[in-house]
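Take a look at this single chain in structure tokens; it is the form predicted alone.
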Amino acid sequence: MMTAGWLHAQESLVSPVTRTLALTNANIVQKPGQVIEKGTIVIKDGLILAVGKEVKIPVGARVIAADSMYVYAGFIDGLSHTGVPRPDNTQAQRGQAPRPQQAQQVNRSNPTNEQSGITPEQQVKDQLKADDKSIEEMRKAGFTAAHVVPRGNMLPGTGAVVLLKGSSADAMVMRNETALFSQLAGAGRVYPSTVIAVMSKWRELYKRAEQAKAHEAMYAKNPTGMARPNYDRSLQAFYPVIDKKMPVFFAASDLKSIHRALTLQDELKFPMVLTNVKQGWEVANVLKSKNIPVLVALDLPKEKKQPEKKEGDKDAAKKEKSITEQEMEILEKRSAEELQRYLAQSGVFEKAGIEFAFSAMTVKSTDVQSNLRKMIANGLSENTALAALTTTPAKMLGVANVMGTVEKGKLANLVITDKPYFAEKSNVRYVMIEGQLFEYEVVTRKAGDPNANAKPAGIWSYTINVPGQTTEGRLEIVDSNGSLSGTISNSQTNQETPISNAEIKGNALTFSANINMGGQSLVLDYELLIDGNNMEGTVSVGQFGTFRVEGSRNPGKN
């Protein structure tokens, strides 16, 4: 159960930006290939005040002993929907035709821009939610900033560079209108519904925007004898692109989409960054010759586990393989080769001299570190991987003067790990964003015993161990013929909350509890292992993190 004391501990994890902090005795990776061993970083008012080996620590500074830890510039996500919740009405978001009772209001061959998924004038800050759980998830992976774009179809709107902390969208946005976001996504049952139709509509909109821009310029110079321009916000959104002051970040994952995006760019000559690229190895030379920047997708296809071969009849093993078996072997071989190309793509780009960063558009935040290690194992150098997380996206997004390296005067956006970030079993321990410090405890879960026969019923006393704070509580579990229920409370508040989804498998007990924190509803998910009259495990508290739980059954309450 969450208490006032627990909340106080959580607040202490976030340092006010007005405080002065010092990280001492750390391995400071200022930028790829440049390391200061056993160095010190001083932060004041959200900025890096000093960095080096012989740095004087100001009187009154909060000192964080980062002994033997590794400090990097905070990672920058080149493109994603971080902080933009998925819409409830996915049909409307996709630009599809309304349900049958509304269908008569839609001209499917000539729908409105909104129905077609054409909203380039929309700004992502209007969709951004400061309390969206994806912000904390990405922060735990070491990301301090993200280039966030709206959700939608063909032309969802313009993106912004967002700091992954803050109480409101306005407080989070660091640089607005960074790029026009586009993708080859049709509008479902209205025009443009196919990829070819999307490309045709793209050409039409761009050329109309060029004409409208020229008309507005002429009218502004001398309106006499001219019809007043028809000011169209959707077309006006293209003007910075036409002037080459804003790039189009074009999502093109597969090879066909990449070719189609390149075709549009070649025809219309707009500045472009290819994003969320997953199959770009075959066009590496083209991308290099055109000097097209790339955002490589951080997600990777999962390796398929081969079924265990069972010992069969020896005579059957000698029989000639059927055509189906031969085809299956060929498909499996091709699948393995395709996976290898995915894993090696970043290394291919590096060797080709292609400028690239990473996109977290479709990756699970918990897979980021392991996927990067796979890329490195397949040809990508660690320095280039780090550049793709820091210096390269900072340059692409026009924020290299304030982030991307650990230097005096830059924003205090840092990620601190207990081992080199790309090493096996490396953990993110701290993330700092503009001087605000977030601490993450390394929580390891023991495996349960599915063959055990643990008895969870009874009254338990438990503690939750939060950095700087220990919270005590009471848990009562009732077992009614295998159906578990009960309540959980805290001695500081004496408020009981029912538990839900309680289940015991072997000695692994799981359940949830809904609580209210300052008007915000949170779900606490418990995963506990029972050993006789003792229990231990973890509780996940939404965006606040995961914490260790220990408890014991009260005597006589079995």
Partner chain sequence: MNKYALLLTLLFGATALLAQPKTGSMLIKNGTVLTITKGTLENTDVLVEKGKITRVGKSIPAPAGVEIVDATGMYVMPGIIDAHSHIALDAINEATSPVTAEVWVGDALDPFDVSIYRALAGGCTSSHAMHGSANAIGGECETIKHRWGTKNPEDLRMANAPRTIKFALGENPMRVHGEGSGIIPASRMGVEFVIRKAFTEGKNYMEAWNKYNEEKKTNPNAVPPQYDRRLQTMADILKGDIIIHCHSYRADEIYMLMNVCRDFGVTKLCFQHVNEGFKVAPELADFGAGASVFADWWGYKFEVYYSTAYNAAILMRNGVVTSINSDSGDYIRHLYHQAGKTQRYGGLTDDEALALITINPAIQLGIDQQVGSIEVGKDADIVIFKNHPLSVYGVPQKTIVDGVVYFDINEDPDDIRIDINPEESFPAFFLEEQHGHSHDRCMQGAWEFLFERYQNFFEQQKN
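Everything numeric in this text was worked out from a predicted model, so none of it was measured. Numbering follows the first chain given and starts at 1.
One more form of this protein, predicted in complex with the partner chain, exists but is not displayed; see below.
Can you tell me which of 278 to 286, 138 to 146, 410 to 418, 77 to 85 lies within 4.5 Å of the partner chain in the predicted complex, counting heavy atoms only?
Heavy atoms within 4.5 Å of the partner chain in the predicted complex occur in 278 to 286.
Is residue 482 close enough to the partner chain in the predicted complex to count, meaning some heavy atom within 4.5 Å?
Answer no; every heavy atom of residue 482 is more than 4.5 Å from the partner chain in the predicted complex.
Is the gap between residue 442 and the partner chain in the predicted complex 4.5 Å or less for some heavy atom pair?
No, residue 442 is distant from the partner.
Answer for residue 424 alone: is it within 4.5 Å of the partner chain in the predicted complex, judged on heavy atom distances?
No, residue 424 sits far enough from the partner chain in the predicted complex that none of its heavy atoms falls within 4.5 Å.
Applying a 4.5 Å heavy atom distance criterion, does residue 301 contact the partner chain in the predicted complex?
Answer yes; at least one heavy atom of residue 301 falls within 4.5 Å of the partner chain in the predicted complex.
By the heavy atom within 4.5 Å rule, which residue out of 454, 173, 262, 385 makes contact with the partner chain in the predicted complex?
Contact check passes for 262.
Select from the listed residues 377, 459, 400, 218 the one whose heavy atoms reach within 4.5 Å of the partner chain in the predicted complex.
It is 218.
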